[in-house]
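Shown below, as structure tokens, is a lone chain in the form predicted alone; questions about how it binds or moves come after it.
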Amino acid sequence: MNLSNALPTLLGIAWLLPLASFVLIVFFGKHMGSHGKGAAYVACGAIITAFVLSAIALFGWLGEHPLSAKQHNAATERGELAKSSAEGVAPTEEPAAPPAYYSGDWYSLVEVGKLKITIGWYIDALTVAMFCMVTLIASCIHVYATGYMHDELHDVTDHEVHLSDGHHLVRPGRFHQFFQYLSLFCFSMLGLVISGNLAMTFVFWELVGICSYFLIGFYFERKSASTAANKAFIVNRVGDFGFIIGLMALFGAVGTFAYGDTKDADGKLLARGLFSEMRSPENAYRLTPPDGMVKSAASEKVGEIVQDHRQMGGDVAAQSEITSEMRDWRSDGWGYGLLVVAGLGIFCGCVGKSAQFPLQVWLPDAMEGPTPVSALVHSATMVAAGVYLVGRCFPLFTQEVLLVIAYVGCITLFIAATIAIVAVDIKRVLAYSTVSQLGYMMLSLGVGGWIAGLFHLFTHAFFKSLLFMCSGSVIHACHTNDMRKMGGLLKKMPYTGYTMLVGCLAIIGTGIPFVAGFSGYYSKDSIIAQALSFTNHNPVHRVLFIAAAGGASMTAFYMFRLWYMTFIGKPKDHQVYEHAHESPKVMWIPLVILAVFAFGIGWPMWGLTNLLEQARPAGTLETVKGAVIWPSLEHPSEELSHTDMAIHVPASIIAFSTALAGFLLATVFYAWRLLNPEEVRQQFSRLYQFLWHKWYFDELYNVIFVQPVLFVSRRVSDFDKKVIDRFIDGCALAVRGISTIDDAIDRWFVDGLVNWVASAIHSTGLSLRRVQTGRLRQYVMLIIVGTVALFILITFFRSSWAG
């Protein structure tokens, strides 16, 4: 079996295994072992097997597309070429060819006119890498959850739910349901990754959102959990509205949802996909509005030409003139605006899913779900989907859209980092850390750092899932999320403490500049270097680099504040400390595995960046100058940030220095206790309150959106109750009165008369029945009497008529 057939088979099975697990648990979950315990084995078996298949697919990919020095050299050569281009020297080589990929359809759902919706695949190096990452992390989380959710095997007393009689809620355990949701969640995310077209992506995009709704609201009896689930669902719908606009703009102008080209068995091109339409070989893979967009924008001119030729030359002549005018229309910028709208629309969906400003408010509240859910949502699935989609659709974005992405990421990372500095809930600190790191990824993509942004997506997935699972281990041991009640736990929880230390060192990018470091050192360095490269070419946007560098410092501060408050120093609450204990093996072994990956997944020897480089969209490595709306804007080649020592060296030193500053500041406050945090808090009480209330976003949205909606809803409800309901009630009352009268007429007149006649006949019949005695003498007597009576009557009437 060749690779083009093997990859869809392997990854297709890996994708469907979690679905099979979900279906089995839905129908048989309760009966799988004692209290449904077997559901965990089914779910774990499915996702681990999916990881094995993904790994086989990766090895198969590498066998056909090996990572070698040639890959690095090619990238370096392209960097030199990009540098020459940036310095005004005309490039002498052709732009990089499109990446290797395999695409096709498993099943066609509907095909009407140009609309074709299929279940298909688009597999490139990014797809394979994402499959391995998602299934590996999900496998660790599944195993960890078998221990963390152990209490759900029996009846659960929820101490956070108070009933009207003053007692706590006692409910049946939902162990099997938890793994049922996890399996569906993994299936949805893998479906999103392997999807071969934007329509399929959108379907799984929504399915991921629904799964997160189930999992965040797992403890739905708690008001906070149900509110958080609703909030996540509603906020994401806001972003999805923009996504739909982007889809319509793309399909309306291009006429396809497919990412890749459609070819026949001989390799002959049948139809172009979105990427080829936007960046065609004829245009040297530069982003160019396709003909459909240009015609849509110039529809009036197209209509005039068609009208003119309808009388003179017919459709063929009209089409010929339209074709001849296309170049001028495209040069005048026709269609470019529609391209911007499509890009912004798609990015809106990513803003909601990846909790970017201004839709970041749902993610910290998602902590209401069980901690394994938080680990999965914050690392490999829900929030990763937004960054992944920006990376996947990167060739569709204009420079203006990329600038918007960069600023949204910049604002997001700064806001989230400042809130994390003052948070005291161990999971919420990590939640705001996630929002901030997602901002880093978006910033990187927005300034042209495609590899850097996706590289950070991978490294972040490992150390953030590790950090969340460590926090879950702490919560499992202490039964509290409040870091102010912790301290000194390192002795009691060494596996959790040291693995969480690895996660903290990885996320702040610890390393020896230009030598080696933890995984975050490589990915965050790349982002800061690209931000510096971008701002060097666009000094007016210097704030993007300042935010990235400042964010690194804040990340180091709040992460080590968390670690020190939890594991170092004297216990703050002796009851909590005495109760604390190390988690069971089934929980800390996944922590050790993830710690190993968090430490070394970013090392160059593993070739992760080279693997991603194989998926780089065509035409996105070269320096791009002069956006249509912002002519002075320039996106430098990403390779410049690696090859130009004037960028790489200061970026590494700045990244190291800012992280070190944040680490030292946290150490001074919370380890060495040279400064009292309480005094600083009182000194800057207004700023502290501002950050404590999360920049008052919830309050602001409550005033701007929630309260007006509630006000309108109440007025509509009042109108419904007092006008519409009363009118309908009056109509019903009138109809009821008429019906009552009608019923009376029917009952007493119509039915009464008929019934009276029937009764009278019945009574007469009964009376006549008495005549039927069966006595012959009586009958003879009656005949004689009757005959005499008839004779008398006839005689009487004859006499009367004669007289």
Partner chain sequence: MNLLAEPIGVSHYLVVGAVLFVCGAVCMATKRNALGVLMGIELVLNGANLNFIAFGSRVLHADGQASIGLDGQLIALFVIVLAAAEAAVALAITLNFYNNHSTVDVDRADELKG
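Basically, rigid core = biggest C-alpha set you can superpose within 1.5 Å across the two forms. Numbering follows the first chain given and starts at 1. Please read these numbers as outputs of a predicted model, since none were measured by experiment.
From this point on, the text means the form predicted in complex with its partner chain, which you will not see here.
Listed stretches are 766-774, 53-61, 35-43, 749-757; the contact stretch with its partner chain in the model of the complex is 766-774, by a heavy atom cutoff of 4.5 Å.
Interface membership of V780, defined by any non-hydrogen atom within 4.5 Å of its partner chain in the model of the complex, is confirmed. Not displayed here, its partner chain is approached by I784 to within 4.5 Å at the level of heavy atoms in the model of the complex. Once both forms are fitted on their core, the CA shift for G45 between this form and the one not shown remains under 2 Å. Core-superposed comparison between this form and the one not shown: the CA of Q772 exceeds or equals a 2 Å shift. After superposition on the rigid core, displacement of the C-alpha of T9 between this form and the one not shown stays below 2 Å.
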